[in-house]
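Just so you know, structure 1 and structure 2 below are the same protein chain in two forms, each on its own as structure tokens.
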Structure 1
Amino acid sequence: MKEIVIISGKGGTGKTSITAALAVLAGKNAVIADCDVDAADMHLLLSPDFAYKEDFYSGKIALINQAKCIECGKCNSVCRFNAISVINNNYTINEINCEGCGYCAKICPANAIEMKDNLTGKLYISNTRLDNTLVHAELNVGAENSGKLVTKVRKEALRIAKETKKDYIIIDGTPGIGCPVIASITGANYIIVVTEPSVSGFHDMKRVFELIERFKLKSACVINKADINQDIVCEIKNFLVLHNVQLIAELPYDEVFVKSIIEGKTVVENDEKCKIKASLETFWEFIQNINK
């Protein structure tokens, strides 16, 4: 079984749309995982049924029992995160500001503060319109620990892939180089970085490959909208050669790509002939031949 993670240095490179196209080409032979939990949108193209839903808890949050509170103000005076304030003469916790450190609960003389598990998001396991399984999640607004939720999504995808004997796990990772990205790529068989020929796209791509090199993971690159700036494409290619990274696809800009998304489909499902469709099919052949 191969675990393939598609990531990008920045948002807007076409990473998710390309991953969804691979999900179509893989069909029933793959489990799909959307690890971009901060801004999950794979469901917009795969039409999941949200058959299974599970609350995700991570960290702690303070809760004040108003019946026990003696309004001494000690909790407010020690909170370094400005998470406790007085509203309508009651000491109240601001859940977004609360870091769950528990100091307020320790110093409360009336034992009026309890540290409860913090509900930070939801995990879903769905059947898609492609008749394959999508493991996806959403992080609550302002919630932290997205890396832990990413890890949960990956573990569930791996479990399902093993139980159903699938050959592939195709993961839509998160953009950037932060904790969720590290959680997306750690231990994966292969990382594919989607970039675009823009100044920011090239800059952020270089940072991603620096991260991948630190983890000593196998990787390759896809340049999307490769015909919009040939000068930067040349710079990207020079960088890839210097770092011994294979360029597996140069996808041209094509309005069929946009039309397909508007119709709720991937570009490989569009009846119109276009170079990008053929390139993605070759891309999928490359994935199938990894480590053969």
Structure 2
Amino acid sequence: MKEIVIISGKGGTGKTSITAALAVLAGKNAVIADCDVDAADMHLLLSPDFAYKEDFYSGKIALINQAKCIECGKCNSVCRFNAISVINNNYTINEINCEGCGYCAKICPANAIEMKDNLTGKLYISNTRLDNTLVHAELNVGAENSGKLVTKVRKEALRIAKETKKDYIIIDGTPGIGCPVIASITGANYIIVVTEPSVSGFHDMKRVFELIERFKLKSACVINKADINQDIVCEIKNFLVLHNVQLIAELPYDEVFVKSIIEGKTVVENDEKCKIKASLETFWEFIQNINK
């Protein structure tokens, strides 16, 4: 069983559309995981039934018991996160700023501060219209995306894939290079980077490949919207050759991607010209072969 993660560095390159297309091509033989817990969108294309729902707690958050508070202000003086202020004469925690370090609770002379469990999001496990399983999550507003919820999504997907004897876990990653991305890719079997030939797409892609090299992971690349800028396509190809990364598909700029999203479909189910569909089928075959 193999974990395939799709990431991009830059947002909006077509990561989710392409991941959802792979979910269709893999069909029953895969568990799908949406690790973009900050802005999970894949469920919009897969009609999940939200069969299982679980609250996800991560870390702590401070709560001041006003009855016990002696207003000494020590909590405020040690807080490095600007999370304690005086509102209506009461010392109050700003829940968005509080990182849950608990320093205030430890030094409060009146024991007036309690560290409570922090509800940071929800995890869902669903059956999809493709007759496979989708694991996804929703991070609460302003919650810290430390990668813990991402790790939880991956773990659940792995457990289900093992129990139901699936060959693939297909993972939609997050944009960027920080903790949620690192949590999405560490230990995965194969990373697919979806880029676009724009100055920013190329810039972000280089940073993502540097991260992948640092973690010594196997990877390949897909260029989406490839006809937008031929010069940058050449630069990307040179970069891939230098870094010994295989280019497995070049997809054209096509509004069929948006049209499909609006219809709640994936692009392989909606491509009249069949060109994109054919490229993605070749792409999926490539993935099946690397695993042999």
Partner chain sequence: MKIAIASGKGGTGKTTLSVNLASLLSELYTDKNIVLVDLDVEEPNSALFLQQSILKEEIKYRNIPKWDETNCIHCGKCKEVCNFNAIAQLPKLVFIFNELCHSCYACSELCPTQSLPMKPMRMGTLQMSVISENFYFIEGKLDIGQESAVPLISQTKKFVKDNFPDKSIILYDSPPGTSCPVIEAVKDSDFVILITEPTPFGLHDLKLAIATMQAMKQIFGVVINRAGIGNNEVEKYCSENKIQILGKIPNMREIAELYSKGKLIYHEISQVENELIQIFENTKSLLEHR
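Numbers follow structure 1, counted from its first residue as 1. No experiment lies behind these values; they were computed from the predicted model shown. The term rigid core refers to the most C-alpha atoms you can superpose between the two forms while keeping them within 1.5 Å.
In this comparison, the chain shown as structure 2 is the form predicted in complex with the partner chain.
Relative to the superposed core, residue 65 undergoes a C-alpha shift of no less than 2 Å between the two structures. Core-superposed comparison between the two structures: the C-alpha position of residue 142 differs by less than 2 Å. Superposing C-alpha atoms between the two structures shows the smaller rigid body rotated by 13° with respect to the larger one.
Summarising the core-aligned comparison between the two structures, the C-alpha atom of residue 110 is found to shift 3.4 Å.
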